[in-house]
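Just one chain is shown here, as structure tokens, and it is the form predicted on its own.
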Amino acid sequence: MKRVGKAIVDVVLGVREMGVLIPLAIAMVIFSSNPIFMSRDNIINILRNTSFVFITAIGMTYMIVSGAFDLSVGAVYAFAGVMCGKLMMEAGFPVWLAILAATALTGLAFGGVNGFFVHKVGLPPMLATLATMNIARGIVTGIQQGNPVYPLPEGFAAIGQGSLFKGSSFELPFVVLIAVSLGVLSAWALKKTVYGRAICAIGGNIETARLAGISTKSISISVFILVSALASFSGILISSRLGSAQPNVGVGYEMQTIAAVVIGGTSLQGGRGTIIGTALGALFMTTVANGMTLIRISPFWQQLVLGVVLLAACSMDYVRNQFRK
């Protein structure tokens, strides 16, 4: 019996994704008692909402694996959506060009600033990204005075609202396809490329990585740019989904993305993490929020549940690290 118990502990602590798979399965069993939860439309809604979190969480996974984190993604998320809307409605940019320009410029601007102050000036990531969070939010709300950019072109709205095989049992929203594509590409890059292995090395031991010839500052700055660019792209997609660019979206979004990454098994100590775990973490959070709404639990209590789950995930990460020693 002791051997069986030890084997179970080995599996739970050894498989990084197990910490989210078990509560996800439990949550689905609990919420499936409500017939609406397992309906086709609700499952599509869960997958679509998961995608908006997951896209930014991909970049946050890279960030936390590298040994840092970014608190500015929620404000960048809103900033990019408004910028894209203004480029289309006021500057006359075509939809595709506005998306590319807003993603690239916002990602480079805020990611570059974060990277500069962390790796050139020497500020802690929390302080630097907290400052840029307030700067980005201040700019976008100051310019818009709380007013959305509206209306947006129909071709733009179709990206966030459209689907393949719409109305059928196999309906797949475009945003889900985009998120899956980015997830597969980023998972491959993290595990199979020199760049991905360098990020893991930096998070594992930055001094060892530097002595091994890795340009630690350049790569770390590029990760800040990556997470800002992905937050920008996700903010543009949510604007497409809503049909308007809202300057107040993304409040608390940074905690959602960090929670998805940590709940998915990425180590807060850096060096270890998986994109599939992050995908499961984002799915878990969206599933729980959706299920609690269906059974009419107040959103205020939903924050409590998220906090408890996050605390449990962080505790499991600590126990797992102790178990490895």
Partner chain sequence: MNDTVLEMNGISKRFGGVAALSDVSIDLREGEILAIVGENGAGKSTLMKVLSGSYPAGSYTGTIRIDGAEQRFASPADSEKAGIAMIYQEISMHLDASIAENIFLGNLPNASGVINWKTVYEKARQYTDMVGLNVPVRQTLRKLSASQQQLVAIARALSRNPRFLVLDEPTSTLTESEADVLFNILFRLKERGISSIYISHKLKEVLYLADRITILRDGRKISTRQIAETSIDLTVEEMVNRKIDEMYPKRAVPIGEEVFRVENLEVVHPLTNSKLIVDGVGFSVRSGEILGLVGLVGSGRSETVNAIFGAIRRKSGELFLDGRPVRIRNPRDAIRSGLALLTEDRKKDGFVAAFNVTLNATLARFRQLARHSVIDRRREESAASEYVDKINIKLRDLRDNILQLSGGNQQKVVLSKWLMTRPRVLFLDEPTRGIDVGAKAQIYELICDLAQEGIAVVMISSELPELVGMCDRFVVLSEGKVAAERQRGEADEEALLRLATLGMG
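Numbering follows the first chain given and starts at 1. Owing to the predicted nature of the structure, the values given are computational and were not obtained by experimental measurement.
There is another form of the same protein, the form predicted together with its partner chain; it is not shown, and what comes next is about it.
- Proximity to its partner chain in the predicted bound form holds for none of Q161, R241 and A245, with the criterion being a heavy atom within 4.5 Å.
- Note on the partner interface in the predicted bound form: the residue among S181, N134, S215, S168 having a heavy atom within 4.5 angstroms of its partner chain is S215.
- In summary, among the residues L100, C200, L108, I221, the only one with a non-hydrogen atom within 4.5 Å of its partner chain in the predicted bound form is C200.
- Note on the interface: of 202 to 210, 230 to 238, 147 to 155, 92 to 100, the segment with non-hydrogen atoms within 4.5 angstroms of its partner chain in the predicted bound form is 202 to 210.
- Contact check for K192: a non-hydrogen atom falls within 4.5 Å of its partner chain in the predicted bound form.
- Not displayed here, its partner chain is approached by R272 to within 4.5 Å at the level of heavy atoms in the predicted bound form.
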